[in-house]
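Next up is one chain by itself, shown in structure tokens, the form predicted on its own.
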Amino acid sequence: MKYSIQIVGVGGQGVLLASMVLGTAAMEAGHRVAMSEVHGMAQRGGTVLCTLRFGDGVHSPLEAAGGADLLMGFEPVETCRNLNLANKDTKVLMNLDPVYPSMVAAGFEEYPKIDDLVKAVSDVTDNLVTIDATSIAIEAGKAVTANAVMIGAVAAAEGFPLGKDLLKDALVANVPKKFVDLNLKAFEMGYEYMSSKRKRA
């Protein structure tokens, strides 16, 4: 078994933490793990891409275009920007809450319509699940726990090869102690969201 995850977003969204949590869980499950990360020009607001591969015979952290089993999109435009990483069988978890670039925030450019971004992903794969992860995180207590919401949602995704308890333990191991309860709450809310989606499907 080999499994490849591409995690995309912008600086400040916790993409790197999410990759560490998933990588830790995969190692605890006994898998060989390889990971790489690419940062944008700006630490906060620039593009961030992490590749996580685990399983038998995994030696390189790099994955060929279109080779992702799972694409986790923390930001809608970044999800679309990285659709070359996906194929028709790739499962995509896409956060619908945008992070506006400075030019959009200043009124010089327009952010694409969310419906158009969702359609762009749906044109590539039928395995798209959308989630308002940031909104759920705010409900849990803090917007910055959107990454925990996303990890919780992945834990409940059909066919995901890492168990819920493994992911929870890895989350606890990778966040500061004072934020453990908050992140676990966000994780559970993401898990429940995905579980309810699967029941309705």
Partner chain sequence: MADILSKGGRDLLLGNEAITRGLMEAGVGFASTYPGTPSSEVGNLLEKMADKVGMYFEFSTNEKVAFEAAAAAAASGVRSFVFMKHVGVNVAADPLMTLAYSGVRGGLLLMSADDPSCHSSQNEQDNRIYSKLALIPMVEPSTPAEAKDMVPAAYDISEELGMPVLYRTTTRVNHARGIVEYGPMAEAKAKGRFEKDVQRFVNVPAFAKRNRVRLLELNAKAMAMSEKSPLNRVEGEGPVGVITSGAAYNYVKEGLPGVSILKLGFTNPLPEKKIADFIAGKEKIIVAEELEPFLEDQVLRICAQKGLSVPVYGKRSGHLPMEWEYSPETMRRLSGLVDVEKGPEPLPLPDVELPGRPPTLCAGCPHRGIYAATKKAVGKRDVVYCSDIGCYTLGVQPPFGTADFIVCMGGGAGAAGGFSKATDQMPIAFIGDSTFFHAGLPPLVSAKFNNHKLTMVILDNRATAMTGHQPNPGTGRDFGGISTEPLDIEAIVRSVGVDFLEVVDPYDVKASAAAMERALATDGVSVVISKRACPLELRKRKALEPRLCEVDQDACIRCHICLRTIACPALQKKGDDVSVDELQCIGCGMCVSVCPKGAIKVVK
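This one's a predicted model, so the numbers in the text were calculated from it and none came from an experiment. Residue numbers count along the first chain shown, from 1.
This protein has a second form, the form predicted together with the partner chain, left out of what is shown; the following refers to that one.
Margin query: Within 4.5 Å, heavy atoms only: does Gly23 come near the partner chain in the model of the complex?
Written below: Residue-level check for Gly23: yes, a contact with the partner chain.
Item checked: 4.5 angstroms heavy atom contact with the partner chain in the model of the complex for Lys168 -> Contact check for Lys168: no, nothing within 4.5 Å of the partner chain in the model of the complex.
Check: Even though the partner chain is not shown here, does Glu37 get within 4.5 Å of it in the model of the complex, heavy atoms only?
Finding: Within the cut-off, so yes.
Note to self: So in the model of the complex, is the partner chain close enough to Leu93 to count as touching (4.5 Å, heavy atoms)?
What the structure shows: No, Leu93 stays farther than 4.5 Å from the partner chain in the model of the complex.
Notebook entry, point to check: the partner chain in the model of the complex: within 4.5 Å of a heavy atom of each of Gly46, Cys80 and Leu83?
Noted result: Every residue of the candidate spot has a heavy atom within 4.5 Å of the partner chain in the model of the complex.
Notebook entry, point to check: Relative to the partner chain in the model of the complex, which residues of 143-180 have a heavy atom no more than 4.5 Å away?
Noted result: Going through 143-180 in order - heavy atoms within 4.5 Å of the partner chain in the model of the complex - the hits are Ala173, Asn174, Val175, Pro176.
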